[in-house]
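Let us start with two forms of the same protein chain, each given on its own as C-alpha cells and named structure 1 and structure 2.
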Structure 1
Amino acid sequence: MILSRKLKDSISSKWMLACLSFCLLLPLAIGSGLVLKSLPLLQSHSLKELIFSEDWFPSDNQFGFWPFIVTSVWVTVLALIISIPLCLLSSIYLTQFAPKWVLKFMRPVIDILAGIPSVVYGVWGLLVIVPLVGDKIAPLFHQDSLGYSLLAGAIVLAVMSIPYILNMLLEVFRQIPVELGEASLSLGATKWETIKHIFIRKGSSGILSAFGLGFSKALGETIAVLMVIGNVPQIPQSMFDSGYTLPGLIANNYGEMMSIPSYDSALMFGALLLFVIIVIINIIFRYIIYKSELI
C-alpha cells in the first residue's frame, strides 16, 4: 500500500515537472524557430539595416522594419494611454464604492467583452471609429484624415484591452485584506486617502503586472488594428496619419509571397522582432515590479 502511494506520488511529481518543463521550453522553441527561419535574411542584410532602415521594397530586396516598429509601439502606447485610466478608475469604483450587485453584474459583461472576436471589434471600428476620427475628431485638431489612422487603431485596441486589464485589476484589489482599509479609516484617513495610500500602494506590483500584460497583448493584436489603421508603410508624424504594424504586416502578406525566399524570411524576421520586443517589455516591467516591491 505504501509502495503504491509512493509510486503514485512519483508519477504525479514527474508529470507536473514535465508540464512545467514544456512551459519553460516553449518560448525558447518559438524563438529558436523564428531565428532559423530568419537566417537567410540575416545573412544577406545587416541587423542595423533591417531594424533602422525606412525602405520597404520587397521586390528590390529592401526590407526596412523601422516604420513597422514605430507604428506598433506608437499605436500600443496610445491605446494604453486611453485604457489604463479607464481600467484603474473603474476597478477602484467597482471594488471600493459600488454596491456588490454592480460588481456581480459587471463580471459577465467584462467576460463577454473579452470573448468577442477581434474581427468583430474591427468591423465596429470600420463602421463607427473610422468615420468618427475622420469626420469629427480630426477637424477639431485642424487635421485632414480619412479616419484610417493610428488614433482609430488605438481606440479599437484600447476597447479590446479594457476587459483583460480590468479583470486583472479587480483581482488585485480583491486580494488586498479589507482590514487594512478599515484600520486606515479608523485612524482618520478619508476614503480616497485610504485608496491612494493603502490599496494602490499595497497592490502596486499587481497593478504594474496588469499594465505590462495589457501592453504585451495590445502589441500583438492583429486583425482589428489591421482593418482600421490604413496599412501604409511609413513613419507616422501624428496620430491622424496611417501606419502599418508588425502583426498586420505578417498577417497581410504571409502566404501570398512565399515563392520569394527573402520575403518569407523577412516576415519571419518581423515575427522575431515582435517576439523580442515583447520579451524586452516584460523584462522591463518585471524589473519595475521588483523595484516597487523593495520600496
Structure 2
Amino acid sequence: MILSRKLKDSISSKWMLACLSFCLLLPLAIGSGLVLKSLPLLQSHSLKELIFSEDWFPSDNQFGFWPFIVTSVWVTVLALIISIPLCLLSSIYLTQFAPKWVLKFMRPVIDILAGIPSVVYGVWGLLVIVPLVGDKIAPLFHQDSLGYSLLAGAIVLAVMSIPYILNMLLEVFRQIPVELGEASLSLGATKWETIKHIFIRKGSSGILSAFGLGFSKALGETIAVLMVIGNVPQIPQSMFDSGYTLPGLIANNYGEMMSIPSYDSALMFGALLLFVIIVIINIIFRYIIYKSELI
C-alpha cells in the first residue's frame, strides 16, 4: 500500500517533469527545425540578399523577401495606428469614467471579439471592409483601388488586435493605486489631467508593452489578412495598393512548394524569420512587463 503510493508519487512527478521539459524544448525544436530546413537556401544565397532583395522569382531561384517584410510591417503598423487610440481611450473610459456596469458589459464583448476566428474576420473583411475601402475611402483620397489593399488588411487586423491590446491595458489601469489619483485630484487636477499626467506615466511600461505585444500578435496573423490584402508580391506604394504578407506567403504556397527546387527551403526560411522576429519582440516587451511588476 505504502509502496504503491510512493511509486505512484515518483512516477507521477517524473511524468510532470517530462511534460514540463517537453514544453520548454518545443520552441528550441521549432527553431532548430526551421533553421535546418532553411540551411540549403542559406548556403546558396546570402542572408543580406534574402532579406533585402526585391526580386521574388522562385522558378528562377530568386528569393527576395523584402516586399513581404515591408508589407507585413506596414500593414501591422497601420493596424496599430487605428487600434491604439481606440484601445487606449476606451480602456481609460472603462476604468476611469464609466459606471461599473459598463465594464461588466464590455467584458463579454471583448471575450467574443477575441474568440471570433481569424477566418470569420476575413469573411467580414471581404464583405464589408474591402468594398468600403474600394468604393468609399479610396475615392476620398482620389485613388483607384480594388479594395484588396494594405488599408483593408490593416482595418481587419486593427479590429482583431483590439481585444488583445484592450485586455492588457485594462489590467494596466486596474493596477494603478486609487490613492495616486486621489493625490493628484487633491492638488487640483481634473480627472483627465490626472489620467494624462499621472496614470499614463505610471502605466507607461505596461502600455508600451501592450502595444508591443499587440504588434507581434498582428505581425503573425495569417488568414484574415491574406483574404483581404490582394496577395501581390510587390512593394506597395500607398496604403491603397495590394501587398503580400510573410505569413500569407507561407500559407498560400504550401501546396506547390514541392514542385520548385529550394522553394520549400525558402518558405521555411520565411517562417524562421517570422519566428525569430516575433520571439525577440515578445522577449523584449515581456521583460519590460516583468521589470515593471517588480517595482
Partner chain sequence: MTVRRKYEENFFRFLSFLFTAIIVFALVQIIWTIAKKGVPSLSWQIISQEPKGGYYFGKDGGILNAIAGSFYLAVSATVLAFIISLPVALFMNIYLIRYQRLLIGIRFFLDVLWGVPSIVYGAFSFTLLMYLGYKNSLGAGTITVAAMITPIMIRAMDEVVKTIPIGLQEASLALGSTKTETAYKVFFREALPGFATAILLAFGRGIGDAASVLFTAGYTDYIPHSFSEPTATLPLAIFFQLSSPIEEVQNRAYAAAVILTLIVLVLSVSARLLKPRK
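Between two forms, the rigid core is the largest collection of C-alphas that superpose within 1.5 Å. Every value quoted in this text rests on a predicted model; they were computed, and no experiment measured them. Residue numbering: sequential along structure 1, first residue numbered 1.
Between the two displayed forms of this chain, it is structure 2 that matches the form predicted in complex with its partner chain.
A movement of the C-alpha atom of L26 reaching 2 angstroms or beyond is seen between structures 1 and 2 when the two forms are aligned on their rigid core. Put simply, the smaller rigid part swings 16 degrees relative to the larger one between structures 1 and 2, by C-alpha superposition. Aligning the rigid core leaves the CA of I281 displaced by 3.5 Å between structures 1 and 2.
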